[in-house]
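Next comes just one chain, in structure tokens: the form predicted on its own.
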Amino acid sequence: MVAQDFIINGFQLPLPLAVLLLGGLASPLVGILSRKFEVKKIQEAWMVIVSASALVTVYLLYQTVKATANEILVIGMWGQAPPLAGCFEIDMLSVFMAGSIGFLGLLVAVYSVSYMERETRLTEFYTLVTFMMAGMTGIVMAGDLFTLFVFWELMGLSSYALVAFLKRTWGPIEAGFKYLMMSATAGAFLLLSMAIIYGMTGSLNFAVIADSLRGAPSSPWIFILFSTLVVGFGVKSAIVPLHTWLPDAHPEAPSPISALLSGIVIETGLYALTRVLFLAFEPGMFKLPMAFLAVLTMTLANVTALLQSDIKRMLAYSSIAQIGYMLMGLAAGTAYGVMGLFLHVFNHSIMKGVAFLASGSIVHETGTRDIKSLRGVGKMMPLTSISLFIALLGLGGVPGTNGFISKYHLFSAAFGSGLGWLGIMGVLNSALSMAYYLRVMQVLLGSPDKGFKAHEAPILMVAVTLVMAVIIVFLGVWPAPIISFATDASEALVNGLSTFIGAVLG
């Protein structure tokens, strides 16, 4: 075993992916041992260890990719050479996304130790979370559409069950079923797009797709392919009008799962869309459609969020709006725009992660998600509320937070690519979003109703949200490291296409 891959009987996997898959497979055994010997917290400790190990191996993979010629690592499966066989083709964008998944996953694992202690079926919970992280990691490292689709389904199946995990009431079951049906329909569109691509290129390998399709003249089949890809990936990305599963799923899921769904699952869908669009099409083809979807997504989501009385439902619509901002970077079609997109992917994963975790702590202690009923909680749960306030300010793009940094780059990319109207709509929507963020802050700082009491969340939950809040401010004051990483990721996608093709085809 070396730093980049894990080999079993000739089957090769990137090391972070192998850690998560083996960790997930071992989780039921750990659960059995925990019950047999009546030792508490073994499952929780195992989840934290697996998440931390995955993050460490992402760093090892980063070092390996940096040391590899052209910074692209190709790992064939079953000992067969691509493009004839499935493969993993890992560049700096893959590493960036894997790092984002691993970092948020580790924080959520630590938070879940206290949050989920009142629940049963913890073996099932931690197994599903590990496999969901494995699915996302496999997606961002896939070198062909078949491999991507396999891990896409692993991510999906795990997340459907996790949305419906709290099945004591009908709400989570209904939300999980709606999520399943919409995602299954989107999966059919993905299969259709794969069939079209195979018919046009004779392969599902990303390098072959880019070498064969990019720059091809417009035709009805090209338009149909573009449409099926947008629908197939757009449902999971929660792009309006394909978003309707998300406002139901996120409030009903346990708060750690809401943080993962909003913080990185929908961004993984956006990653897949961005990767495939840049491989198969010239940016000029998808520039205006993506700009239109960006405006539609951010505007409808922000207006609808204003009307919400459920704090988790409001945050769910906020997540949809944030996808709209990210689509601005895709619409720009430049390396700078894509840098802003993936910079916001990481920043949003932290901001929305802490927003859902902090609000989850509040719901955990008060038993209500109704915003009006939470009046005065800010004074009773000051540390949790401070974390939530910092996250909301970051999501609104207030200077001094990491949200301001990535939104600045996204809006600048829109103006710089000749889409000034898109940049203006982004600024206006960002200002509009502050209306519902400030409303939440005002309610939490108000005077509590008579008889209403709450106390601070458990120390582990508070510690996780405070650490994440510090990261929001730290990256708002000193964003250079993450900007540099995001720049390397965007350059690998936009300007490194010939290298990406050459790594497989020679």
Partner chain sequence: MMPLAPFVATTVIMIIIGLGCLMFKRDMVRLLIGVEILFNAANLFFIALATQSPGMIDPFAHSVVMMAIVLDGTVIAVGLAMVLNVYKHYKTIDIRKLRRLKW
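Note that the structure is a prediction, hence the values are computed from the model and not measured. Positions refer to the first chain, counted from 1.
Keep in mind that the form predicted together with its partner chain is missing from the display, and what follows is about it.
Put simply, residue 213 is far from its partner chain in the model of the complex: not one heavy atom of it is within 4.5 Å.
Using a 4.5 angstroms threshold between heavy atoms, residue 185 counts as touching its partner chain in the model of the complex. Though the partner is left out of this view, residue 199 does reach within 4.5 Å of its partner chain in the model of the complex, counting heavy atoms only.
Although the partner is absent here, residue 313 is a contact residue: one of its heavy atoms lies within 4.5 angstroms of its partner chain in the model of the complex. Out of the listed residues 71, 89, 365, 248, 248 is the one that sits within 4.5 Å of its partner chain in the model of the complex by at least one heavy atom.
For the options 371, 230, 106, 164, the residue carrying a heavy atom within 4.5 angstroms of its partner chain in the model of the complex is 164. Between 304-312, 415-423, 135-143, 283-291, the stretch whose residues reach within 4.5 angstroms of its partner chain in the model of the complex through a non-hydrogen atom is 304-312. In the model of the complex, 146, 149, 150 are the residues of 123-152 with at least one heavy atom within 4.5 Å of its partner chain, listed from first to last.
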